[in-house]
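Just one chain follows, in the form predicted alone, and it is written as structure tokens.
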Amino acid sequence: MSQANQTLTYLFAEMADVLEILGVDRFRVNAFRRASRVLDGLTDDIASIGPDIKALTGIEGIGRGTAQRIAEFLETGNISDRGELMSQIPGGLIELLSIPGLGPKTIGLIWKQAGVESLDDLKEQLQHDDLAELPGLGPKKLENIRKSISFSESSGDRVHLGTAMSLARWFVSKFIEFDDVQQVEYAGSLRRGQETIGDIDLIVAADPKSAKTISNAFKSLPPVTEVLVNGTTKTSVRTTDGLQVDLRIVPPESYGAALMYFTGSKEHNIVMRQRAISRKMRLNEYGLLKGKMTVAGRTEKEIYRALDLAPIPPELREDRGEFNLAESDELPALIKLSDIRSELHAHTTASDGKWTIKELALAAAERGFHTIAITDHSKGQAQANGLTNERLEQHILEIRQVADQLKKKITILAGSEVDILSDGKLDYPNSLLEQLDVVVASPHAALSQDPKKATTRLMQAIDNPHITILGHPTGRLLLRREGLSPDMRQVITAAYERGIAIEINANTWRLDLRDTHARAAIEAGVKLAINTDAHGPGDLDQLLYGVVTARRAGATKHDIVNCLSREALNRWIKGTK
């Protein structure tokens, strides 16, 4: 997503939230929510359209008032009535929106009727149960809010992998345009593909004489709101997303060493330095040195080779056995984004998606996929317009019709994302499940079950003969909800015995399975499915984050069912029944 699209998506969502907190102008709330959704799913850069009201209103879902605000932002970098709205509520209320279980209406209620104006106010009120007297609240909801606050505070000032990577790639694209920049890459935990990121590290190779010019250009880029460190070779800024971005400018002969050093991990770097010392050399961010002579430093590859190692991919640099594999030149050929050939978990307008069956199928075909599975929600997900038994039967017929129309372009499978109920039963009877090609069984509710019950629940679901894939098994939402904590070893063993796959849900909010669980599944011989859980345009692009997570687990294309050919995938699916 472009920077302008991302910022406007946030601003319109925020203005809708403020209006809901105030309890006024339902029409504008809906208009702003719609604008936020449209901009979030827009594949074109809104800045390339420009402040042309006629062109902006030509985008479906963008009315004249919204278009005028977008045009104002594109011209001035601001939306004037946003400031007017923000002045009508205490500033501390916006922070409360990040707490799961606290929507704008509830925040408006506790502000107006209990005087809560900040997180500190809320925490003080939660020391007793007086808020339970307010409409829509109660002891159980208050306890859930207490847990959510505790979980949010333990997460710190971190953001999702997708948020950080989108911003980092934008910065990289800008630096590539600078004549004085010879090489540029992001480093740190982001380059290693960790699921949440604290800050962004950028490494630039350039002539030291150009460092000041590059640093000044960096500080003037649009997302920068504050300069934290104003140096020549190191500059730190804060962006509109609240992220700290550190820029380090190094000479080209030290670029590989700096990139390796600032990519980490700390544990990986310690082993690398010890390895250098054992060979009577020194390794730091400037290079691999023997006495006063530089042995290597221009590229990471030459440093690894000089230390008798095969080059180790960034995602594996966690000191989890990668050195033994690199010494014997047995590192896995990690899966690549281009290896993925199918999407097996995606939603349409039949439930809560934005695509019709045909639109989704064509979008998948444009990406070069040979197969797409349509897996709309089951009836237990009423808030997501889940399908009743009767609606699913009709939906299957509609999928088959479109599949026949597009059979020369792509294979379309009839499926469902079926809720795993709290007792482990599935949301549809077997007589209906057996009509489906693909069944993705996922937990969505009762996600605070104790580990023993959660384990039993998932294992009972796996026993169902119609399951193809166990979807996002913990149900977590990164930085917002911990989700289930089942005994994953037992779940993985059950999946192996049944011959089904476990999903790495690529949505940047989920990344579930997490990397350590995915590694355990691979070691146990369980196949993984990398799916985007797509609901609309842009969602298929999140596939990258699932691939990165799989790479951290050491996955090759042979571990991932989405990499199978059309014929092999069809055989595997039939083999799960």
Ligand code: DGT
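Worth saying up front: this structure is predicted, and the values here are computed from it rather than measured. Residue indices: 1-based, along the sequence shown.
Not on display, but discussed next: the form predicted in complex with 2'-deoxyguanosine-5'-triphosphate.
Of the residues given (Q183, S166, S148, S265), S265 alone sits with a heavy atom within 4.5 Å of 2'-deoxyguanosine-5'-triphosphate in the predicted complex. A single residue from the set K219, R273, R82, H370 has any heavy atom within 4.5 angstroms of 2'-deoxyguanosine-5'-triphosphate in the predicted complex; that residue is R273. Contact annotation for D199: at least one heavy atom lies within 4.5 Å of 2'-deoxyguanosine-5'-triphosphate in the predicted complex. A residue is said to contact a partner when one of its heavy atoms sits within 4.5 Å of a partner heavy atom; W355 fails this definition for 2'-deoxyguanosine-5'-triphosphate in the predicted complex, lying far away. 2'-deoxyguanosine-5'-triphosphate is not shown here, but in the predicted complex it comes within 4.5 Å of a heavy atom of R158. In the predicted complex, 2'-deoxyguanosine-5'-triphosphate sits within 4.5 Å of a heavy atom of Y261. In summary, the region of this chain contacting 2'-deoxyguanosine-5'-triphosphate in the predicted complex, judged by heavy atoms within 4.5 Å and restricted to 323-331, 441-449, 85-93, 265-273, corresponds to 265-273.
Although 2'-deoxyguanosine-5'-triphosphate is not shown here, in the predicted complex the stretch 222-247 places no heavy atom of any residue within 4.5 Å of it.
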